[in-house]
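To begin, one chain is listed below as structure tokens, in the form predicted alone.
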């Protein structure tokens, strides 16, 4: 009898450590958090008005998270999303008075340029990504503050008139479809996973690692620039706080979605969608429950730590590149 108990316990332990369980964990977490918030708010979180508000907070973070997903799959990290969104939003707002397509292109190119700066210093000077992006985060946050200190920068009435759920859903879904195709059915997905699993081995297998890393940062910046357009049509004017703490939100969202912070072959595209939804539901639920900001941060920090502990690949644990 004791032997059977030991065998059952061993099987349970093996299942909990398996990739299958870790793959299901984010979906279980989303259901648990959604159920808990539904219960604690007496169902108010699922009311149509509240759901629409919740979805309005998903669009541009999910676009940004899609770009950062590729960076983190490399085993790298990017802390510049917030400052990039702020600077790109300024460009979009200014150019919106001339031409809407020009404003969109300007935002994308601005984000791509900032991503190129990150990628250049990371690849060329062999600096760890978190060091590079922390430095550029402060640099571009300063640029954003410089242009918005005295007054908010307004966008044109034409761009604000585009504020509709259909447009924002369309842009977000289009980004997800294209990114999913590239990640799942092209060499791009294999290359970023190969670099994340082991850069040296990837080089020997023919992957141009420096090019892959550089382009991943450029793509992440470009998508943040596109997200800036979605942000501008939502808020209508840009202040110095634009994109504030966005980098933290994206990092937490992806880890909550099950993305291993070490990157590599075990990442799943669903990490983006599940993680962003989980963070938004958790954040909105805590606000509805009336918790103070400090308490909200404490709770989110505890949840974040739990998911890191459960999803981290200890066999491939290493310092972030």
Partner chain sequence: MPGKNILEMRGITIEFPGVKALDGVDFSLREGEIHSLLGENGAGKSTLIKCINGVNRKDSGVILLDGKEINPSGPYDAMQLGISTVFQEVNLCPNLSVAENIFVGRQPMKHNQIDWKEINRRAEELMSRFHLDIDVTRPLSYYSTAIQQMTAIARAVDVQAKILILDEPTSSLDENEVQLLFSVMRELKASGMGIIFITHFLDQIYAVSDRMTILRNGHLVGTYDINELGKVELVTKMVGKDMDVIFSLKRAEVSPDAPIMLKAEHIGDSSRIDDISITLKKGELIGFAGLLGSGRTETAEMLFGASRAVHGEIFVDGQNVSIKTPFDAIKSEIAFCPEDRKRDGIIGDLSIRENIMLAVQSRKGFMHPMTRQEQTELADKYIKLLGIATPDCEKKAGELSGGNQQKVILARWMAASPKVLILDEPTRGIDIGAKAEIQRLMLEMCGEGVSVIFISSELDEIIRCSNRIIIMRDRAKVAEVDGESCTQQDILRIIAEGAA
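Everything quoted here is computed from the prediction, not taken from an experiment. Positions refer to the first chain, counted from 1.
Missing here is the form predicted together with its partner chain; even so, the following discussion is about that form.
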| property | result |
| --- | --- |
| Its partner chain: the contacting residue among 265, 281, 55, 40 in the predicted complex [heavy atom, 4.5 Å] | 265 |
| Heavy atom within 4.5 Å of its partner chain in the predicted complex - residue from 209, 156, 239, 190 | 190 |
| Interface membership of residue 98, its partner chain in the predicted complex, 4.5 Å heavy atom rule | no |
| Residue 200: touches its partner chain in the predicted complex, heavy atom cutoff 4.5 angstroms | yes |
| Residue 151 within 4.5 Å of its partner chain in the predicted complex, heavy atoms | no |
| Close approach of residue 164 to its partner chain in the predicted complex, 4.5 Å, heavy atom | no |
| Interface stretch in the predicted complex with its partner chain - options 229-237, 86-94, 180-188, 106-114, non-hydrogen atom within 4.5 Å | 180-188 |
| Sequence-ordered residues of 285-304 touching its partner chain in the predicted complex, heavy atom within 4.5 Å | none |
